[in-house]
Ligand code: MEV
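Taking the form predicted on its own, here's one chain by itself in structure tokens.
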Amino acid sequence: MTNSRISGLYNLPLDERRTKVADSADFPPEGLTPFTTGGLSPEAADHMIENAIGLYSLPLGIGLNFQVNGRDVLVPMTLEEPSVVAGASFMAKLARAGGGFQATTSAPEMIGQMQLLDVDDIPSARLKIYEHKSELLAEADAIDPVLKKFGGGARDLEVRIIEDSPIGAFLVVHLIYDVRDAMGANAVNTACERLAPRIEAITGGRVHLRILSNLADRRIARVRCVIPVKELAFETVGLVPATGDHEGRPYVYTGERVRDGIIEAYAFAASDPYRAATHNKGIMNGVDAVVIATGNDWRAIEAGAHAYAARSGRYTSLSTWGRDADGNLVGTLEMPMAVGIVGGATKVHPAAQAAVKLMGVKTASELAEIIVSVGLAQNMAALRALATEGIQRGHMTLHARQVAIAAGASRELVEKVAAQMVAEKVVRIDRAEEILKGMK
């Protein structure tokens, strides 16, 4: 059974971290080999995209402390931005005190769209499609016998009239398709292609576009967490941006103050699209990192998330933060989550396969529940930092290391150069170069 609580993992050398992670997940050490090699060969890459000439690597870290629906899980996260893995892991630790993350998903139903043009009588054509609904669904259902065997297939047909467009009114037919443990793009697109001639025959119109929609608002992942207010309290030393004082002296943030600061920061995002864009980007820092690690389509997830955030006609926060009757902090996140564990890069890329196995994921829904939990944890990490010490304090400590490396610091000098820049509160490549010259 996995134990996601690994104390001091960041202090260990790389080899020992991998050993510790394998032990904590009761996972064979050799199963982590794709994470050390990148997993993908140039020859395999050549079959994945056009004009391939090589590979491009990103760091892969492990999100710790996550407990999702009562199960501990070690979460592979692939991204280049400092502080995300650490922030999400720390917030997951706080969430454990309140029972961890409680997540659910709706049925894995995707939407295929068919744009129907050149129809003489649009209202009549719409009704004709509904009159043939059962036979259209039966035809779509017979396209993929393997998917049907596992309980998937056509579920419903919806017909919409688009009134106001640059080319005038037209019809859009939505095929609702259960794709089970796949992301579903290929299955849905194939079904739409197959139905198009039949819809043209029924209506006398012309089916133009036949394509999956990435606004997967029928495939929703939801998560909730409760953070006991006492867990939010902490002590810091140094400048406190909210007050501008206490330089060099301990300052205690009470749990109530941190809680209220997070709720106030959320209110900003809920009310203002300029803030909401950055707020939701923080959520996607966590979400995308797991989506990429598992070989899923992060562009589709991004598109669906931001479209869903604007579904009311105004772009707003994907998450909510408030307090319960006992004064504890309560967070929720709801968003489309079209991810799969079969097909695509998830089955081709060895590192993606290793990521899925490490998490012990058996279904796409389970993966979606983990991903949305990481998104909520990372959102809380960003809000907590913004509402207290400021986002730069923790972020810049890690960023300083990258700046030191970019300035040419050797492995032995990276930490020294970074530490001096952080102490001076000047993290720039020109200053790193000056510090290096002094050390040499």
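The structure displayed is predicted, hence computed values, not measured ones. All residue numbers are counted from 1 along the displayed sequence.
We do not show the form predicted in complex with the ligand, though everything after this point is about it.
Only one segment in the set 375 to 383, 27 to 35, 47 to 55, 65 to 73 has residues whose heavy atoms sit within 4.5 Å of the ligand in the predicted complex; it is 375 to 383. The partner is absent here; in the predicted complex, the one residue of G304, G282, G100, G152 having a heavy atom within 4.5 Å of the ligand is G282. The partner is absent here; in the predicted complex, the one residue of S134, S124, T254, T278 having a heavy atom within 4.5 Å of the ligand is T278.
At the 4.5 Å threshold, heavy atoms of E81 reach the ligand in the predicted complex.
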